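For reference, the chain that follows is the form predicted on its own, supplied as structure tokens.
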């Protein structure tokens, strides 16, 4: 059996968990400010416009993408039957990634931004991201090229797709050649596909690997996994314009975006059917890892039902630009793909270190506080955002009154955010103590 060093995988995971803790604390500060606007006021770097960009970029790139890269460094060599092509290259990629994230905190904190949603980083950092991604791609593709097994499992397809699609999205969206309506259209082409063609395929790659491992069940259907892959490849890229319905873009383009958004129900149902089918018989006695993937799959189903539905003009005219969208976005990034990443870390880290997780009880608390906290967070924004949208459509209600009406929903969001932060504190502590080890603890169970 091939012995894996896993140094790059472990350190990407450690770094991502640290960034997750910091950026979710920033999210808590933001939620408090909707209740108490003067909280930590008077500090320019902590103004809402600046820390929101730090929060979103920190969660997307500092936590989730870094965690996903670490998990790819874990699963790709095992599916290929060989060691990672270069641990040195992996560690160099991590070092550059840390420089990028810290650079983003500094530049966004001083207000240096391109002013585009999810594309706030300045050109110098954009170039560094491109270089880091090329380094990551070389390591992954070289590992797959040296594989012992001719047939490639679904996760490898999804990882390779992620690398290719991310490169296209990042380079095209950051070209300094757009202006006006075209700029807005490209911005949301990237904004939506950042979820659809970056975090979705790599998240599914993780789920396709760890769900069979954690349950001990074979994958329900390989055919469904490939149908899902190719429908994502051909359908997802065309629906970003549904974020600017009723905007200054052609009606035909809006309609095309709506049609392709509805068609996304196809890859979603292939994945959800596959995951639920693979977890069959394990729900009642599910361990913590299975619970994370079960919850993540359910959140993935919900968010990918919401997306096509809110692309419909009748729904979009109510919820667009409201806090309903905030709840929907968090459902994808936190509810689905962060749950997948956390489950993957809980499964892989003990096996890389050859010792059990420090505390299963703490992991259980982490799951339930994350789950309950996020439900309160999301549901309060879905209900409040729908109310907010209906009030905006009523010309008799002043905008200030619509803001006041959101107070109870923002209050629920703040208390829910406290639970989510407490959960990630437990997560970080559990990962830290697992990494340090107990000395006398028995080895983690082997993986078939």
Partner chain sequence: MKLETNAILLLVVVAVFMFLGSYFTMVVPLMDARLNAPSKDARPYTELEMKGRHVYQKEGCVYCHTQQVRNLLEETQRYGMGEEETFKRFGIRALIQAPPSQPGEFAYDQPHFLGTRRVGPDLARVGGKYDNTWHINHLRDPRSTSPGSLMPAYSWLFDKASQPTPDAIALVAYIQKLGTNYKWREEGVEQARKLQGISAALPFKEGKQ
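Note that the coordinates shown come from a computational prediction; the quantities given were computed from them, not determined experimentally. Numbering follows the first chain given and starts at 1.
This next part talks about the form predicted in complex with the partner chain, which is not shown.
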Query raised in the report: Quick check: do 42, 50 and 176 each get a heavy atom within 4.5 Å of the partner chain in the predicted complex?
Result: yes
Report summary line: Only one of 75 to 83, 288 to 296, 323 to 331, 266 to 274 has residues with a heavy atom within 4.5 Å of the partner chain in the predicted complex, and that stretch is 323 to 331
Report summary line: Interface check vs the partner chain in the predicted complex: of 188, 346, 210, 377, the one with a heavy atom inside 4.5 Å is 188
Report summary line: Partner-free chain; cross-checking the partner chain in the predicted complex, the single residue of 143, 278, 316, 306 with a heavy atom within 4.5 Å is 316
Query raised in the report: Within a 4.5 Å heavy atom cut-off, is residue 182 in contact with the partner chain in the predicted complex?
Result: yes
Report task. Could you confirm whether residue 388 comes within 4.5 Å of the partner chain in the predicted complex, counting heavy atoms only? Result -> yes
Requested in this report: May I ask you to check whether residue 110 falls inside a 4.5 Å heavy atom distance of the partner chain in the predicted complex?
Outcome: yes
Requested in this report: Answer yes if any heavy atom of residue 120 is within 4.5 Å of a heavy atom of the partner chain in the predicted complex; otherwise answer no.
Outcome: yes
Report task. Select from 247 to 285 the residues with a non-hydrogen atom within 4.5 Å of the partner chain in the predicted complex and write them out in sequence order. Result -> 247, 248, 250, 252, 253, 256
